[in-house]
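Presented below, as structure tokens, is a lone chain in the form predicted on its own.
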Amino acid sequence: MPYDTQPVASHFIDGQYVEDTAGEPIDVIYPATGQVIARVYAATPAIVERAIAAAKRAQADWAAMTGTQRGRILRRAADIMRERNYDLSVLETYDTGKPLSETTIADATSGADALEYFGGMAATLTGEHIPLGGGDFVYTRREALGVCVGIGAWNYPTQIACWKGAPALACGNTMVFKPSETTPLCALKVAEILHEAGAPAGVYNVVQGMGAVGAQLVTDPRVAKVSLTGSVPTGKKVYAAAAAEMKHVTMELGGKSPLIIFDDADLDSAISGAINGNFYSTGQVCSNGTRVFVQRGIKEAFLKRLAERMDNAVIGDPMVMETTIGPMASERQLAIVEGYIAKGVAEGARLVKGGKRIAGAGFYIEPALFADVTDDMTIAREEIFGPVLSVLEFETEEEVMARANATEFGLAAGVFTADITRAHRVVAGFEAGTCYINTYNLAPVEAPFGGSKLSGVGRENSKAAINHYSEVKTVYVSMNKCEAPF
């Protein structure tokens, strides 16, 4: 039985659904039709207080459990998510508009991978023994931070709720998670499943709301850590607020990532990389390689073949498995993308294909392919967050590397080439946190994910995430008599 789009209540606090209609109403709009499919209410200050208090109360007992016990609960939650993958995927599609062909393989499954990975790691989180001269030694303890706040983006609501929750809980922290007000439904199911799997009340809480709710969470003195996925402007505000109280932070922000295609690359493979890096999730992926630098010798062949392959995209009802391109997540985002396409044309880029809004219900637009894009154009400098692919021509490796790095962002970067020496040389030269050789946009939980420069601080996933959700306590043990100068 698929989940009802109207949740039991707006919030999940202390192991149960909680409603408070005094908060500002938030309509949940299905992007494929533009229709309201649910309503939740933003958390009032009292609801936020209740969630933080629950997380604070639960944290000591949760941290006192063995890592094996915590891990068992996380792994059980992963199993439940996989068993319910189809229903969770349908809900994700209602929440975001992403096609079911995508959500069934990339969303709840990715969340389950994170729960399983960090569940398996929880029992291995140990300190170390450091021998010193004269028999003294030091040992370290890896300890939880306390209450963590997660703030999610609207493009991957299930995945982000797990990417933040899994390492936090594995380390013995508790969490209050605020999903995007655009996609509020999926995180509630993550909380429900974790509780069903055995997570004690208060360990993982979800509250709805906009910026004011986020601000209350971030500035609460009981909160030890803030992890945000979102835009650079939002990240700067949240980072500053957290830094004012010396809180731990992870910021996974936007990008304007380069994808370099040399003339010796396998053409269809490179085009697949460009499609995955620009049109997957209707272009609403932070790490997208939206500046596609194509070497002059193959540029026209690349454009011709890419335009042909774009004809194979199936734009339509996201609930139909054959659909490969769904709507934009919101009417606002659709308008933003239309504005950027108009700017591209106005500034002299050549619109090779697509870029038109599709008439009818829902927030649909054709994927857009631009050629003759130059580095100074708006579409080559600003993050669009939509299905807009810009092709820029280059001649030499030295030239393209300087241009690729000439951006304030540094989330991702990719290269397609048959020359393995050049491939490694290029990724070594990229100013970006997550790089790809002969593929693009894969994010397995085993690998660290995150950016440099304005694209963020810290890393999600992998063993690296453990360092961002725990701290090391050093204990010096003397085996000798303590002496002093007087």
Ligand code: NDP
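Start at 1 and count along the sequence shown; that's the residue number. As the structure is a computational prediction, the values presented were derived from the model and not from experiment.
One more form of this protein should be noted, the form predicted in complex with the named molecule, which is absent from this view; the next part is about it.
Heavy atoms of T104 never reach within 4.5 Å of the named molecule in the model of the complex, leaving it off the interface. Proximity of G211 to the named molecule in the model of the complex: non-hydrogen atoms within 4.5 Å are present. C286 belongs to the set of residues with a heavy atom inside 4.5 Å of the named molecule in the model of the complex. Among heavy atoms of A215, some come within 4.5 Å of the named molecule in the model of the complex. Interface residue among K237, R72, R309, R141 relative to the named molecule in the model of the complex, by the heavy atom within 4.5 Å criterion: K237. Of the residues given (A168, A78, I151, A413), I151 alone sits with a heavy atom within 4.5 Å of the named molecule in the model of the complex. Contact annotation: the named molecule lies within 4.5 Å of heavy atoms from the stretch 380 to 388 in the model of the complex, the single such stretch among 82 to 90, 353 to 361, 192 to 200, 380 to 388. Contacts with the named molecule in the model of the complex, taken as any heavy atom within 4.5 Å, map within 251 to 269 to E252, L253, G254, G255.
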